[in-house]
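What follows is a pair of forms of the same protein chain, given separately as structure tokens and numbered structure 1 and structure 2.
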Structure 1
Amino acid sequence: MADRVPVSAPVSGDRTPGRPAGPGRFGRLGRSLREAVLGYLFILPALAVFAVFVFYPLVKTVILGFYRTPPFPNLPSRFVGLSQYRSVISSTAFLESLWRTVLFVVFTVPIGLVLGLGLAVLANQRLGGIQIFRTIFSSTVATSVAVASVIFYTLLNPEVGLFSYWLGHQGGAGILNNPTLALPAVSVVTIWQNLGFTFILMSAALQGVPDELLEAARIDGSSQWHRFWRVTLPLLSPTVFFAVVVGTIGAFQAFGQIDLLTQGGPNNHTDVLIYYLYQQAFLFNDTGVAAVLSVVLFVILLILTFVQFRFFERRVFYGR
């Protein structure tokens, strides 16, 4: 093996300056203490941010819900216990905004999912130039909610908007001011803006379907249609589920499109929960009511996230 074995100067602790190799520099306890300190140093930056901007405000929000905000500034707020929670949750304004949020979810999530999946299936073919189509289908990822909203707002402008013209709504109040059409319009913008993400998600999942399975099904004589429903879709179901939960959570947090397109109007017809919360908190400065709404929103999101976690805990989290 060795023509010449390097037997050079030992390169080890005793030669290294500044590192005493003697025993007891850190004892066994010292070593694990040092390890523990280092561990906490590593997590400290994140932990500090979370403490100040996540955990503390969450607790504070719950507490704020116990206090009724005075009608005029500079008056002390009054402790009312659970009564504010009760009154807000049973109020028509809240229930209506919750109902509109549910409608918004129903409008956006299933349609967005079907469209994204459809595009993904369409783009999952071996055809020349398919990459161009893939790029186009994922392109709306580059538009933020604000960009998408401003584009559609202008295109839906009753005077000069191209879409208003094509949809026969030129002149008049416009689609966004139409009580029946406003929420569907906001939903369309949301679906469009999310389409790129859904497409990317579904494409990745489709590419994860093993060719062998589809080929086996093909050899067994099943049709393309049959293969999609019986092989591909079942294998996609975890991703579909993920998309539904993430989409629903996203819909509950959808604020920008409401603010930019309708500001909750016309006549509160697009006043979803998060926008209602925003108005209470920052337009009417009713922190008490806003806090209760925040807690409700939190509970809803918590349940949704929990559903997601329970599912993914099995599949992904400890999948290693």
Structure 2
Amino acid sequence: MADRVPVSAPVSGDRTPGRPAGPGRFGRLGRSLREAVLGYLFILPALAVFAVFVFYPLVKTVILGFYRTPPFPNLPSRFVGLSQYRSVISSTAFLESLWRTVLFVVFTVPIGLVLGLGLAVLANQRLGGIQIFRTIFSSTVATSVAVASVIFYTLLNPEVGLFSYWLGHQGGAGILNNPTLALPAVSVVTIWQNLGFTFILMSAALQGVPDELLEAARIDGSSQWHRFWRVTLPLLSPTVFFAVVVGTIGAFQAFGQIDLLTQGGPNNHTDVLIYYLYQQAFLFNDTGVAAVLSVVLFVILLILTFVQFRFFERRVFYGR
């Protein structure tokens, strides 16, 4: 009987003849590197656009805020460091403008959200001809700021405006020249102009609420208000959160309606932050102060957005 040759155990790193070698460490690294390079190539056009139109203007604006612009254009700007930032932020004009901006946001965002949600709930009923009302409620989404401002300028005209007649302000200075009513009037224009967008958002969100959940709550004896508060509204919370964030940013940047209706008056009572910035840049040619105001507005919106995501997003129900 022939002697058997002992077969030694395979040494680590050897591979069995006839079996293809699996991807090694360097092969995996090479593939990952190729995928990373390919991914960066895909996003390179977007990065280039952001670099030219977002990042570079932002850095340039921050640097411009360090230079004080002389009153005469033929004189060179003077480097003053952070002193211009401190003087602008602590000035009375800036603080009053910021306060008016906060009031404008408080007037427009919550009221516009409640009205848009209410109209969406009404238009979500299964009734004949409800599509007509949906079209009417969403029609303002196609209305520009300029068109909405011209419409309300006519309605608020002290001589021929219907609103001035109904509110007893026919003749005289009118509502837009009233220091107490000017900012609420501009807020009404903003709410009306943004109402169609909010209505469409809420209507789309209501279409995604499962009917079986509402039916189960109804069988359990829940009232219509209880079903809305406990079932519908939590499911709408992601859309509500989105509308609040977008509405807040839009309200801080509102400019067209103020420029067309009041030009910041009367007596600067509608001189919100973005219009104050416009005056410094294009009316007074003070680009240094305008740059500081731009950076401050950016920081305010960044902080507000962070606070909203940090403290309010935890209350949002995503259905997971």
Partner chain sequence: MDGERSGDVERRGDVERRRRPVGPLVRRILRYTLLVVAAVVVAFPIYITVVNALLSPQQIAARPPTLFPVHPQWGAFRSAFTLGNLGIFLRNSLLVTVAITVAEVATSALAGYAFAFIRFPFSRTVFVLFLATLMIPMEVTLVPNRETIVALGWFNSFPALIVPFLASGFGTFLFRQSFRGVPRDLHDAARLDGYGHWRFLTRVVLPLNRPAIGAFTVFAFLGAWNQYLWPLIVTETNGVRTVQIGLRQLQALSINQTNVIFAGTVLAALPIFVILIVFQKQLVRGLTAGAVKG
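Keep in mind it's a predicted model, so treat the numbers as computed, not measured. C-alpha atoms forming the largest set that superposes within 1.5 Å between two forms make up the rigid core. Residue numbering: sequential along structure 1, first residue numbered 1.
K.L.:
Please identify the form predicted together with its partner chain: structure 1 or structure 2?
P.N.:
Form predicted together with its partner chain: structure 1.
K.L.:
Is the shift of R34 between the two structures large enough to count as movement, that is, does its C-alpha move by 2 Å or more after the core is superposed?
P.N.:
Comparing the forms between the two structures, which are aligned on their rigid core, R34 does shift its C-alpha by 2 Å or more.
K.L.:
With both forms fitted on the core, check whether the Cα of F284 differs by 2 Å or more between the two structures.
P.N.:
Where the cores coincide, F284 shows only a C-alpha shift between the two structures that is less than 2 Å.
K.L.:
If we fit on the core, is the Cα of V296 displaced 2 Å or more between the two structures?
P.N.:
No, V296 moves less than 2 Å.
K.L.:
State the core-superposed CA shift for V52 between the two structures, in Å to one decimal.
P.N.:
Rounded to one decimal, the shift is 2.6 Å.
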